[in-house]
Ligand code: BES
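Next up is one chain by itself, shown in structure tokens, the form predicted on its own.
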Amino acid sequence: MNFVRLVVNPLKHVCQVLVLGCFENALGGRFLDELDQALGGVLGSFYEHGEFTGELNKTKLINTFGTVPAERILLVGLGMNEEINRDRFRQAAGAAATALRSVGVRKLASVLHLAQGGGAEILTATAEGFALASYSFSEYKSGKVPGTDLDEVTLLFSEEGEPDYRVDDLLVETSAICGAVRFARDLVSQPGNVLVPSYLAEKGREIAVIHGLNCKVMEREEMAQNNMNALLAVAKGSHEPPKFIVLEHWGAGADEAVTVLVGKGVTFDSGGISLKPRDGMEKMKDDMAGAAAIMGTMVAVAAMRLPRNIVGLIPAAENLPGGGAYKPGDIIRSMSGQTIEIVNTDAEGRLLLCDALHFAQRYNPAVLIDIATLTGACVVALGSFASGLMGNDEGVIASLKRAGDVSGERVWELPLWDDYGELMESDVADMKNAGGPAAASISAGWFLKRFVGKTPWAHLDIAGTAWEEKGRPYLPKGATGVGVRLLVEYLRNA
């Protein structure tokens, strides 16, 4: 999708649709009084009769019949003025894009970003809302698929004065980030018979060439030489070979600190020998959403030329119940040397991550963050509205919370007290790989903590946020690409 910046009187601009933001129960606002007068008082009538009240994300499409140059006007609600924040602009833009999709609009003009005085933060949020809402995955639809995504959004600025921020730079950056989110959504949306570990590895090589990243793909033999036995155990039941993908962005000097990001890449999770129930198993193609988030983040930071040293690690494997599959009761020696008793082969993601977290120590990272669709228990605890957050460093946790608030990809911290380690005690090994249903998200986080040493570390559980079941203003039904905007916001401000 393309953004265009134009300085013009919005009410004199010729366009198919002009989008305006309206506050709840109060018509007065920038451009609205003048527009209402031009339309013969119809806007005031809507408010008076309750046909449109400015309620958050509600929309009203009006045909102007030539009274103003815009063919149609779309009013979108921003809610109460005193409750406004940047995510409400993101939502309102998403609601506008969704409403116009159903009537086939491919180009629009907008002054939504000028409500409440505008500003750089509001402009960014509004552009994100339009870009993120205008997404669909139709690669496997047969025949001609009608275009429903926005092609172009023209952001209008009044002739009264130039903004005190660099609009073009912000739009370029926002486009890069949203493009990375769309890339991550595409990956998660691919079916499991297409997106296998080799496919992920090839995508890693592709983005490295396009965006100037370093890419290395470690094969099974090299993983065995590095004693990545936990990762390899998960892959034993599948004919698809595992891959360990390394992406590097060296945006700062060689002596500068390195941040390492790790994403779980289970390209399909049947549960292995501990087989999942059949209902809903088709959704387990999204168990590589953490890997997609890391790939998307690396695309964004490279496109932005972020002056940071960032490494993305993606352990990738399928978890299937083949004849060679690992079994409950097995004992595995991880890359770190710690032994793990397998009590549930459906607790496989942490086995990929534990070897990757230990491998990350080779970079002597200043910060280590992993992201994974790790536990169904996190869905029970937080639903689809926030990702779980745990870690061993208050500074990293606080920075991720701030990034979540800014990006709208909210996180909620769960405790990681030593007491939870009791759930993972094993009689025959250093630890078990699962601690039962009680505090299952936390015990999984505690397990990962055993492999990070003293490195400042945080864990993000996106099991509930990686897939949207119903569709929300800027999150169409399906893969959300969660984690990309959160991590980019963290990386550029931490």
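Computed from a prediction, not measured in an experiment: that's the story for all the values here. Numbering starts at 1 and follows the sequence shown.
Missing here is the form predicted in complex with the named molecule; even so, the following discussion is about that form.
Taking non-hydrogen atoms only, Glu128 never approaches the named molecule to within 4.5 angstroms in the predicted complex. Residue contact with the named molecule in the predicted complex: Ser136 places no heavy atom within 4.5 Å of it. Using a 4.5 Å cutoff between non-hydrogen atoms, Thr267 does not count as a contact of the named molecule in the predicted complex.
The named molecule is not shown here, and in the predicted complex it never comes within 4.5 Å of any heavy atom of Thr297. Residues of just one listed stretch (332-340, 282-290, 83-91, 70-78) have heavy atoms within 4.5 Å of the named molecule in the predicted complex: 282-290. The contact with the named molecule in the predicted complex, taken as any heavy atom within 4.5 Å, belongs to Arg350 out of Arg185, Arg350, His113, Lys243. Here is the short version: of Val379, Leu389, Leu416, Ala109, the single residue with a heavy atom within 4.5 Å of the named molecule in the predicted complex is Val379. If you take 112-129 and check each residue for a heavy atom within 4.5 Å of the named molecule in the predicted complex, you get nothing at all.
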